[in-house]
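So this first bit is one chain, no partners, the form predicted on its own, shown in structure tokens.
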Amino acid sequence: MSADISADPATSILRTEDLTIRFGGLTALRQVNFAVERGEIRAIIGPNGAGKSTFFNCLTGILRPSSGRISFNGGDITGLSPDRISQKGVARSYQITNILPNATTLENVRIAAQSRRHGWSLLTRYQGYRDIIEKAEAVLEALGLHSKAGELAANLSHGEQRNLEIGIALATEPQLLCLDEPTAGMSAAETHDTMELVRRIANNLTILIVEHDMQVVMGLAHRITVLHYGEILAEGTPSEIQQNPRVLEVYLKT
């Protein structure tokens, strides 16, 4: 089943058309038609094996689609490398924390900011780039981690490390931020803080979020896309998804 992609292309930041990916005889995604409006928080949910991670990996260049098309800001990004897609304004976090544990909190964000603004070189004297430091400090302020700027990332709490990874993505100045299980392993308090963080940063961003915690999904998303066996089962507002008989049957089990 394909989703309705009747949204105006001028307001859609991301669109897929008949996106398909096969691994040998297995079809992991089957003709997925998907559109996200600029400024939206969209959640992608579904049972294990539904194709959520595969979909994220296609959007961010880690996997190359077998067929179909991905467009971002009206331009074709199908099959581009992850760094090319990042340069165009797409950033993501990962299920497994992707920080540099032996660098400070500020260094983690500074390196990401430098990669966007000045190109990456270990030999570059970044101290000369005042804009880079200011950008990194502003990101830490938004994360609520400014007081931990000089702390080694390895010494942060689990929740702080997960939020630092969001900061690393933010430092690349994306237009679209893809968050993969951002609250995984968090306490209730950390989850609440991360939800507040996502709401704050969403003012200037479009956000795609894959998340198992239904309270997080229902509390954050403007719209929800439900994947099932690599196809879109349903799309709608949180209340529509909660009342959708097919979703209740295959996923929510309520």
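This one's a predicted model, so the numbers in the text were calculated from it and none came from an experiment. Each residue number is its position in the shown sequence, starting from 1.
This next part talks about the form predicted together with a small molecule, which is not shown.
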According to a 4.5 angstroms non-hydrogen atom cut-off, is residue 53 in contact with the small molecule in the predicted complex?
yes
Any non-hydrogen atom of residue 203 within 4.5 angstroms of the small molecule in the predicted complex
no
Is residue 47 close enough to the small molecule in the predicted complex to count, meaning some heavy atom within 4.5 Å?
yes
The small molecule contact in the predicted complex: residue 26, any heavy atom under 4.5 Å:
yes
Contact stretch among 213 to 221, 195 to 203, 26 to 34, 64 to 72 - heavy atom within 4.5 Å of the small molecule in the predicted complex
26 to 34
